[in-house]
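Before any questions on how it binds or moves, here is one chain, the form predicted alone, in structure tokens.
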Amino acid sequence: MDLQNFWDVYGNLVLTLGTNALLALSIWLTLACGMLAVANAAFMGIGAYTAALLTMKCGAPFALSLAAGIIMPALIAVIIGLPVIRLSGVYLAMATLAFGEVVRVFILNAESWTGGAMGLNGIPQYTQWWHVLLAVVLVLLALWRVRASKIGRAFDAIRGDETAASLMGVDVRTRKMQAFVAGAAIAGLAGALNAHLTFFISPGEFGFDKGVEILTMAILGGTGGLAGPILGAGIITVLPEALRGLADYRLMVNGVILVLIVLFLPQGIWDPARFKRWLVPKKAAHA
């Protein structure tokens, strides 16, 4: 199979992998700050509908639609973040899940704009491969810079012990808000790109199942570095396609593989600490 035939068959899968990588990075950012916030699917939906409606109803240029798809979920994250970031652990997860349900119900009821349960159909396919690649590269570079900066060190301190970080002078609420809003913006970007890739979006695509899938990508790949979410997104995206030949058993085998990875690699596949432990005996043997 030559490159053109490969792209004709698997091009959509490759681009979906890219948007899933953005989603995994969006939740990695909040996890890096010690927040179990699972509103990323809702933010993806807000970005998708905002961008698609601007394109279809207002005839806005693609660049403007993308920008709006980033800005709108970020603004909403600021509003809901003010009360929500006071919470932690399972309470934060429950609050953000509730927010996701509110977004889904709103989209269903705003039928005159969103199409309700029928969704939006006929969205122009403006998303090209280089749009997705550029978005992933820029987000990775931005997060890499953040991780190596004072903000990244503050995130690590908050994740380790929020009270101790506060005593050391870290503005915990501000840093949490920054992570929450930035994660929402990245998820919105993924939604806007995905909407102009698949022609069709509906509220069901951004519900609880999608939120769990995004969290799974990050946890499965590992949250110890930026490579983990990318790896997890690749596995979650490609594995169902790779198992297509198993027909009715595909979902079962898919689930078994994921369970085995979680059981035997609890810190995720990409775990720098585990890699160091593997290398230390080798170095000692050569000494």
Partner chain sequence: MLEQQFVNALSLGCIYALFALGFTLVFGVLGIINLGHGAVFMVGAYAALMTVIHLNLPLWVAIIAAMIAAGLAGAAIDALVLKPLRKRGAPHLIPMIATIGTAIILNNGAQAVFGAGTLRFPFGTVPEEALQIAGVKVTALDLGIIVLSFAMMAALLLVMRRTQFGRALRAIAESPKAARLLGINVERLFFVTSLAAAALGGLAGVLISLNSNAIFPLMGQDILLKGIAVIILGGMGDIRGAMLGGLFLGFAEVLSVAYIGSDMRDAVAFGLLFLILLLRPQGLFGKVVQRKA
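Keep in mind the model is a prediction, meaning the values are calculated, not measured. Residue numbers count along the first chain shown, from 1.
Keep in mind the form predicted in complex with its partner chain is missing from the figure; the text below concerns it.
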{"property": "The unique member of Leu31, Leu54, Leu231, Ala67 whose heavy atoms fall within 4.5 Å of its partner chain in the predicted bound form", "result": "Leu31"}
{"property": "Interface residue in the predicted bound form among Ser202, Thr216, Gln178, Thr198, criterion: non-hydrogen atom within 4.5 angstroms of its partner chain", "result": "Thr216"}
{"property": "Distance check, Leu279 to its partner chain in the predicted bound form, heavy atom within 4.5 Å", "result": "no"}
{"property": "Ala148: touches its partner chain in the predicted bound form, heavy atom cutoff 4.5 angstroms", "result": "no"}
{"property": "Contact of Val259 with its partner chain in the predicted bound form (heavy atom, 4.5 Å)", "result": "yes"}
{"property": "Non-hydrogen atom contact Leu226 with its partner chain in the predicted bound form at 4.5 angstroms", "result": "no"}
{"property": "Interface segment, criterion being heavy atoms within 4.5 Å of its partner chain in the predicted bound form, picked from 189-197, 118-126, 169-177, 96-104", "result": "96-104"}
{"property": "In the predicted bound form: members of 74-98 within 4.5 Å of its partner chain, any heavy atom", "result": "Ile80, Pro83, Val84, Arg86, Leu87, Val90, Tyr91, Met94, Ala95, Leu97, Ala98"}
